[in-house]
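Presented below, as structure tokens, is a lone chain in the form predicted on its own.
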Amino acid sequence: MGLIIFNDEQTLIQNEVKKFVKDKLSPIADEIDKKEKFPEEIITTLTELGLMTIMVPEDYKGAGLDCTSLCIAAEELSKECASIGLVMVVNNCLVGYALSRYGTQFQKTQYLNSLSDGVIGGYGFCPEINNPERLLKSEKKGGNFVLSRGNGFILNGAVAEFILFSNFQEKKFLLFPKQAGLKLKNQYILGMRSAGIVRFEFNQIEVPETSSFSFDNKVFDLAYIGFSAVGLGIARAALDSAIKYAKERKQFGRPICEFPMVQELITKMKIAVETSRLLVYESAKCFDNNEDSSLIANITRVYVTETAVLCGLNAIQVYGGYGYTKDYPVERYLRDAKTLQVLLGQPYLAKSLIAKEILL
């Protein structure tokens, strides 16, 4: 609609990602979802294009680009395959950025450089933050941490060679390679089935105290913006599919796009998608300008993920009974959207943060 203007470098990134999506990703998107297959060959190509380290500083062999560039890439990738967009966002935001902003010099040298060589990092978290029995439990023993309890998920866990675990109670990340005592199990999940999300449990893992480093909310501001860009891609895909189908499908001798009910469904989707796009790139601009982005990042996260779910549901309604079958991609869009909505915490938690910032 012309409301968002990218600079020449960002436009180049957008065009390159679109070309990659058309040539490499589109032919396999449905297949890897149905087979729940992590597409290592696609991730290798993304690494070669510099997209897996798009926000890693150039000193550590990354592209050294900004949040806006990350969102452009995530949106275009996720429009075709949200799982791939999610893998890229996790590797950049919750691994690469976290290390470059908060990690020690040793950790940066050891792990950041490896990301540009094709190593994938994972992010581990316990979704039940209000359940003490599920949270990561760590105790100091000499110069080490002993991790004796923890149950949750690892994003990118199927192929990650090292993992950052978040300990929200102490505002610390724990960073270490995969090792014995870390039980991983493939998890059958609603959506994002080719993103390599696995379950984990700890069993008396001992890691050096130097493996930990503190963090603040800035890393999650970035992650929420990146996840929102993934949601925007899903919403756009659902909208485009609904429009195309409504123009082609005929009932009672005319295209269903002429029916008022279908027009209302698609109009609501279009309004929400364009609003979401403005929110995503305004959030990215705030982050790039080093402004306080906490409030807008949470607002964007809530609105855009709700939009993605809305567009998935509406697209299925436009398709009718066919929308529930795997012969068409709209059921995948809805599954991916709902999974994305809860991955970094339930929406009510984000709404609670918004309320605290504006009311307390």
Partner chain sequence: MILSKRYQEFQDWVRQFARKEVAPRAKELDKKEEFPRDLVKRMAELKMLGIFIPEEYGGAGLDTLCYAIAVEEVGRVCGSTGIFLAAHSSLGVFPIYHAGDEKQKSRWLIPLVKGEKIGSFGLTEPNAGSDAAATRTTARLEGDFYVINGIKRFITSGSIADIIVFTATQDPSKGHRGISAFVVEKGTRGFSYGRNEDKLGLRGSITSELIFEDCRIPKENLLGKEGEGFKVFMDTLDGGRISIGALALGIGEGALDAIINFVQQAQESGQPLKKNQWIQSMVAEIATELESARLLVYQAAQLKDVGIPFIKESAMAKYYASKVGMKATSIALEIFGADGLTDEYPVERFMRDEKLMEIGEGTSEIQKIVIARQILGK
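Positions refer to the first chain, counted from 1. Note that this is a predicted model, so its numbers are computed, not measured.
The protein also exists as the form predicted together with the partner chain; that form is not presented, and the subsequent description refers to it.
Enquirer: In the predicted complex, which of the stretches 48-56, 327-335, 62-70, 291-299 has residues with heavy atoms within 4.5 Å of the partner chain?
Expert: In the other structure, the partner sits against 327-335.
Enquirer: State yes only if every one of Ile316, Gly320 and Tyr348 has a non-hydrogen atom within 4.5 Å of the partner chain in the predicted complex; otherwise state no.
Expert: All of them do, each having a heavy atom within 4.5 Å of the partner.
Enquirer: Although the partner isn't part of this model, could you tell me whether Lys172 comes within 4.5 Å of the partner chain in the predicted complex, counting any heavy atom of the residue?
Expert: Output for Lys172 is no: heavy atoms all beyond 4.5 Å of the partner chain.
Enquirer: Would you check, heavy atoms only and a 4.5 Å threshold, whether Leu265 touches the partner chain in the predicted complex?
Expert: Judged by the heavy-atom cut-off of 4.5 Å, Leu265 is in contact with the partner chain in the predicted complex.
Enquirer: Does any heavy atom of Arg199 come within 4.5 Å of a heavy atom of the partner chain in the predicted complex?
Expert: Judged by the heavy-atom cut-off of 4.5 Å, Arg199 is in contact with the partner chain in the predicted complex.
Enquirer: Looking at the partner-bound form in the predicted complex, is Ile189 within 4.5 Å of the partner chain by any heavy atom?
Expert: Yes, Ile189 is a contact residue.
Enquirer: Just to be sure I understand the contacts: of Arg249, Lys285, Lys218, Lys178, which is the one whose heavy atoms reach within 4.5 angstroms of the partner chain in the predicted complex?
Expert: Selected residue: Arg249.
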